[in-house]
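Given as structure tokens, the chain that follows is alone and in the form predicted on its own.
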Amino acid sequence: MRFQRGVLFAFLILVTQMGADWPQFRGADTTGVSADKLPTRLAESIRWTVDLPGRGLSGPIVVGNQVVLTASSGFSQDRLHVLSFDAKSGKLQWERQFWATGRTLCHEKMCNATPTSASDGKRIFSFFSSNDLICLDLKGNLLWYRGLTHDYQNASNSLGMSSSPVVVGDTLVVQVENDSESLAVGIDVETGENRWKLDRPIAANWTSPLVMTGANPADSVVVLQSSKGLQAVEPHSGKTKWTYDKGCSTIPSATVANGVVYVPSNGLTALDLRTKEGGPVEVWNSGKLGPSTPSPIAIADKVYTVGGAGVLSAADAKDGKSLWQLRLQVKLEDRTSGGQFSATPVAADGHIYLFNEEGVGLVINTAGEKGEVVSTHDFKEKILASPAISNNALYVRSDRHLWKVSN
């Protein structure tokens, strides 16, 4: 009996120390919120830094002890890199390189490696702006490769594509939305073949799908966002479950908390899905909470957005009432940094972690009546990618480096 209790105790310790993977953009549930505990002093907590071979706005993902990200290099950004690093040491485990098969033309602010990869725990799915979709196993072996431009020749735009794929069960969902041939596909993770294809609004769109996991796996839906509204589909079949027909932003993506979707639409709109009808019911709308490029984030009973002027706004999640605003300006030795944010923030243990385009990271304590800047750190490189959280560590990337921040 004593032995059994000891084994159980050891098991419980092991479980509590195991941090969840961060398998796709904004984590497993695509909310950007983690139960981990992260350091609040960034400068004192950098554990390792590694060099990267090319540009990238794609965020890192974490699968077990692997930190995986993509990069693109070459004059035309047509060299595609998928890299895996050891989470503990930062040592490169493997790198795979491919040639792009589709258009690599992007706005100068973007690059081919803009979408964040995804993983189902067995495979890695790396998507690029050139519509190249690569499936590798965790050791970096190629399982299948699809050049979606070969299948859909007009599916591209001159500014570049940035929608990140998501995995739900055995289906990979990819949005390829643009001004010419706009679509979304559900792909069998084992074969790389389409399970379904949906025609989508003909308009440039850089948002990423939102995953809403139900109590029963069969109840899960993937929410696709566009300038025409929201379309919630069944991951395995592509069958539409519900729609919202008011126009939405085409850059920041919706988030969800406690059965309520917070969508960038006419500012920010809260849609309650906990209704008998099963469809969305508009609860409130606030024109003051419209996010700029970063997607909104909801924590507990509050929702947060970053506006175009570099201001973090907090509102009551129940009614959208404004609670406080915080200007995200940082006085450095050589300049004042603030202004532009592209990376979607992440949150852990009551703190929000933001990174501006100049490479300055800010840690915001949200526990009090007003937001408080706890610490800042200048990484001295442009940061456009959203970070990842896993095993009580924060992973941050720029075009040139990947950092691990942990206690």
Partner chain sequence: MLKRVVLFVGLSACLAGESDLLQAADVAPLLKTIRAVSSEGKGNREAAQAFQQLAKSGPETLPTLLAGLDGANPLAANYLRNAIEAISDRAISQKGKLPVKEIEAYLADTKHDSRARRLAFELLVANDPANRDRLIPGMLNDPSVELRREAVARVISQGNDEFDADKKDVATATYRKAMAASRDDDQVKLLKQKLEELGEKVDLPTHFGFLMTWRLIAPFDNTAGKGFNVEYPPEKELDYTKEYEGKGGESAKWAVHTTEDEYGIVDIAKALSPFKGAVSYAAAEFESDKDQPIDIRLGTPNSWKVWLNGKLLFAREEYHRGMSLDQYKMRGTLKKGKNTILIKVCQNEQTDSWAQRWQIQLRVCDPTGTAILSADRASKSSAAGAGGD
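Residue numbers count along the first chain shown, from 1. For clarity, every value in this text was computed on a predicted model and none was experimentally measured.
Below: the form predicted in complex with its partner chain, not depicted.
> Just one of 220 to 228, 164 to 172, 133 to 141, 261 to 269 has residues with a heavy atom within 4.5 Å of its partner chain in the predicted bound form, so point it out.
Selected stretch: 133 to 141.
> If we define contact as a non-hydrogen atom of the residue within 4.5 angstroms of the partner, is Thr336 a contact of its partner chain in the predicted bound form?
Judged by the heavy-atom cut-off of 4.5 Å, Thr336 is well away from its partner chain in the predicted bound form.
> Within a 4.5 Å heavy atom cut-off, is Thr213 in contact with its partner chain in the predicted bound form?
Thr213 lies outside the contact set for its partner chain.
> Check whether Phe85 has any heavy atom within 4.5 Å of a heavy atom of its partner chain in the predicted bound form, and answer yes or no.
Taking the distances in the predicted bound form, the answer for Phe85 is no, it never comes within 4.5 Å of its partner chain.
> Mark Ala100 yes when one of its heavy atoms lies within 4.5 Å of a heavy atom of its partner chain in the predicted bound form, and no otherwise.
Although its partner chain is absent here, Ala100 would touch it in the predicted bound form, with heavy atoms inside 4.5 Å.
> Would you kindly say which of Pro201, Gly147, Gly320, Gly290 lies with a heavy atom within 4.5 Å of its partner chain in the predicted bound form?
If I apply the 4.5 Å criterion carefully, the residue I get is Gly147.
> Can you pick the one in Thr207, Ser119, Asn157, Ser313 that has a heavy atom within 4.5 Å of its partner chain in the predicted bound form?
Exactly one listed residue reaches within 4.5 Å, namely Asn157.
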